[in-house]
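In the form predicted on its own, a lone chain appears below as structure tokens.
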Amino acid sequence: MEKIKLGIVGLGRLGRKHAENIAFRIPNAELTAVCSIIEAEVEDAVNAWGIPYGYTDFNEMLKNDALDGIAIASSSTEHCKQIEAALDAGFHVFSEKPLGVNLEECKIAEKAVERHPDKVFFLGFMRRYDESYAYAKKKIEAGDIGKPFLIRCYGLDPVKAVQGAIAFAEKSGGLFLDMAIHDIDLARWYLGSEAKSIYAIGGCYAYPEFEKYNDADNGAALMQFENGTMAMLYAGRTCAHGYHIETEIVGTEGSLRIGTTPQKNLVTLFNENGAIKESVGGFLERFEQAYINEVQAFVDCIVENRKPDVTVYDGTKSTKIAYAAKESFENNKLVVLE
């Protein structure tokens, strides 16, 4: 079987996981090149995994004609320019979310994708490739809960990770773009409509460090969609018990809940503190298989010469909603989306 040869840029927490998955868990892919502005990360990956090519300059990696595609897991501020450069250099492209940190960047990515209809562009909204979320979508399409009219999403990061969030806050785009973007995408996906209006509130209840970036450590938003359906989103950075991702879809004839208890596994610990079910500790643990599934889907699209269901326009639309939430939060007003 001929393997699709991929290069990856960005070797931080998620980038390193994507690189490892490509190298060892995607049967029809081969990790051929790695790139990071941190030379030690490149050297570690090259030496530990026997990767043929290592770069600290992204543009140099794009000159490598041994590659078929590029995976982008760099800082959010770099995504759109790297998407454009990789597509223009003739590569298929997988990019992590968000598509861009503003709408102008997203439009650049859209035009780049449109210029290269022969190339696969895949945006990493990995929850669509999580087995539970994908199963819920099938149940909705089968009519098992009637017509969905409300989605409720919790996206809570463990408080132990808050210092990293503070360090990244200046470039993150804010709570709603950084954290709620997956929930926004799910709302559009499950409700089958685009957002009409949004009202967002929040504050720095535990970590005033976010204030200088007009950001919050916890926030919530209420959305109405063009088809009259609703979404309630809560994003927080101070979860005491771990990483808690929970979604409920309510329909006219029933409801579905995903991740109501963020259990680490099926073990219950019994001791002097009672019956304890430990929680997952972070996104890499909770969505481990989903990260494999989405890159496998990207590679399969290349092999089968087809386009993925999630598009560059999904990235732009979700970013637009996230920025409307940011505007609403900062100005304490209802924002109507055009």
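Just count from 1 along the sequence shown to find any residue number. What we label the rigid core is the largest C-alpha set whose atoms superpose within 1.5 Å from one form to the other. Nothing here was measured: the structure is a model prediction, and the numbers come from that model.
What follows is about the form predicted together with another copy of the chain, which we do not show.
Residues of just one listed stretch (104-112, 255-263, 181-189, 69-77) have heavy atoms within 4.5 Å of another copy of the chain in the model of the complex: 255-263. Among the residues Gly202, Gly124, Gly173, Gly155, the one placing a heavy atom within 4.5 Å of another copy of the chain in the model of the complex is Gly202.
For the candidate set Glu278, Glu39, Asp309, Asp57, a heavy atom within 4.5 Å of another copy of the chain in the model of the complex is found for exactly one residue, namely Glu278. The candidate spot formed by Gly219, Thr238 and Glu246 is fully in contact with another copy of the chain in the model of the complex: every one of the three has a heavy atom within 4.5 Å.
Heavy atoms of Glu131 reach within 4.5 Å of another copy of the chain in the model of the complex, making it an interface residue. The closest heavy atom approach of Asn214 to another copy of the chain in the model of the complex falls outside 4.5 Å. Although the partner is absent here, Ser197 is a contact residue: one of its heavy atoms lies within 4.5 angstroms of another copy of the chain in the model of the complex. The closest heavy atom approach of Asn305 to another copy of the chain in the model of the complex falls outside 4.5 Å. For Asn47, the Cα coordinates differ by under 2 angstroms between the shown form and the other one after the core has been superposed. In the core-superposed comparison between the shown form and the other one, Asn273 has its Cα shifted by at least 2 Å.
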